[in-house]
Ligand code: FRU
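Quick heads-up: it's one chain on its own, the form predicted on its own, in structure tokens.
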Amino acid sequence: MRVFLFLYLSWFSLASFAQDLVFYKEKYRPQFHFTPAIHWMNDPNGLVYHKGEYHLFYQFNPMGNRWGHMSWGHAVSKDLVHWQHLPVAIPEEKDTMIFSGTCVSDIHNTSGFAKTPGITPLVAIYTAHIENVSQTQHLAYSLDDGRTWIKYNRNPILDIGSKEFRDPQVFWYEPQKKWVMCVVLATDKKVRFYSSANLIQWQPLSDFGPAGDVNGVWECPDLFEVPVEGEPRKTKWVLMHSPAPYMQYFVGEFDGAAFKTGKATDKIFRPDYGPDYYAAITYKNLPVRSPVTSIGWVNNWNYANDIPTSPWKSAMSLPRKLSVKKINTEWVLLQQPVEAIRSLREKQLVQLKGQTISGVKRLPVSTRQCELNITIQPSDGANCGVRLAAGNGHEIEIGYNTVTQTLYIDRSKTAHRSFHANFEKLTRYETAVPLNNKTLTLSVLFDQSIVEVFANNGEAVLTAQLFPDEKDNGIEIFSHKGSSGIVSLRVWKMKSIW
């Protein structure tokens, strides 16, 4: 425990230095996506709003810049944009790593952990992992708004004798006044649901799966209710999880015991069709009328340990607001950056309207830290879009193929791809996106080494990492095999959150 006390205090000191901008100036360092000051980070954990603060816990290695020694890192925010680092919340202990899980605000004190009136416990439920031995669900609680944590003295609270039973997500199901947990049987490709009155004793309800993408182990499930776009009083339930190394979701109904889609589940729907989005979960206990909001991990297990960043590794996505919409006969998850991200717009760098593009046009701007919004009307047969990090023969291309009606992202011409063979191979990702009234609208957030692309009001999203050279900072628009009309284009410089 002395080692972990030292690490805890060391991380607190480093976090304090980070707030004074000792870090956050390194090559490739994102400036408006959350990153730890130092060391390895993966899955977001325990997203909860509590007493005016958005808490972000995350898988964190206090001892190095590769995966291992999993503990829960911790940060808080007032606006989901600017973050304050806090000390490690729940540290690894002896042979037990702290894997992914949830955090809830126990406003009714169902757990009984609060002994003093006016105290609302924060309760974290997570997977305790002992390598090659077991995965069980443990509990820790905080009585001081998440600043210090006490591990429950009767852990585990849920043990089925499995080595592949992990990543609990818990929410309050108001119609039946109970807690519901979803947790994966990873190698069985199933999500299991449990219920509880007190967050401590849990009873099984039902299983969902296998379904959809069953290629990788299943991880990080989350079940949540979202509004139907354009129908104010209608909602649907979404079950989202991570079949490694990507994600998928299902839209259906939940009756307090079982999740059902009402149709075949062989088609795969992804919250993100790019290479670098994983383990996304939603915030619990959000204020009334707040949008359902998620955060995901920007990386890919095929090369995650080896991306060329130091002294930190990995970033979180921008927070996304969620809803669903029925397109033809299928329910589609809509995602857009939360509106608070707009507050980072610092300066409009360029604006175009009513122009025609044929070939390649270089914009009069040089940046790797921007928001670009474009509405483009491609001619039949054209291939058109945007290139970022352009220079010296390098670029990442975000394009639309009108013949196949697919949106794609291609990083095969970006710099510094040889750090891992898998990164060199995994260069092009695409998904079907029909034009909307003959136009395509893209909102692109480019942050040093991360690109997030939101198409047609969030009907499809693609996220990718890239590692540009210092002079790869040009932006181009293009249209080949036919001209395209630029209905509108705007580019803003984005402020740093650090």
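Since we're looking at a predicted model, the values are computed, not measured. One rule holds for the numbers: they count along the sequence shown, beginning at 1.
Another form exists, predicted together with the ligand; not displayed. Remarks below refer to it.
Engineer: Given a 4.5 Å cut-off on heavy atoms, tell me which of 399-407, 217-225, 265-273, 204-212 is the interface stretch with the ligand in the model of the complex.
Structural biologist: Going through the listed ranges, the match is 217-225.
Engineer: Is residue 283 close to the ligand in the model of the complex, meaning a heavy atom pair under 4.5 Å apart or at it?
Structural biologist: Contact with the ligand, no.
Engineer: Examine residue 100 and determine whether its closest non-hydrogen atom to the ligand in the model of the complex is within 4.5 angstroms.
Structural biologist: Flag for residue 100 set to yes.
Engineer: With the cut-off set at 4.5 Å between non-hydrogen atoms, does residue 49 touch the ligand in the model of the complex?
Structural biologist: Judged by the heavy-atom cut-off of 4.5 Å, residue 49 is well away from the ligand in the model of the complex.
Engineer: Consider residue 166 of the chain shown here, and say whether it contacts the ligand in the model of the complex, taking contact as heavy atoms within 4.5 Å.
Structural biologist: Because a heavy atom of residue 166 falls inside 4.5 Å of the ligand in the model of the complex, the answer is yes.
Engineer: Identify, from the list 465, 448, 59, 35, the residue with a heavy atom within 4.5 Å of the ligand in the model of the complex.
Structural biologist: Spelling it out, the residue with a heavy atom inside the cut-off is 59.
Engineer: With the ligand left out of view, choose which of 237, 301, 173, 194 has a non-hydrogen atom within 4.5 angstroms of it in the model of the complex.
Structural biologist: When the ligand is considered in the model of the complex, the option within 4.5 Å is 301.
Engineer: Where, within 28-44, is there a heavy atom within 4.5 Å of the ligand in the model of the complex? Residue list please.
Structural biologist: Sequence-ordered list: 42, 43.
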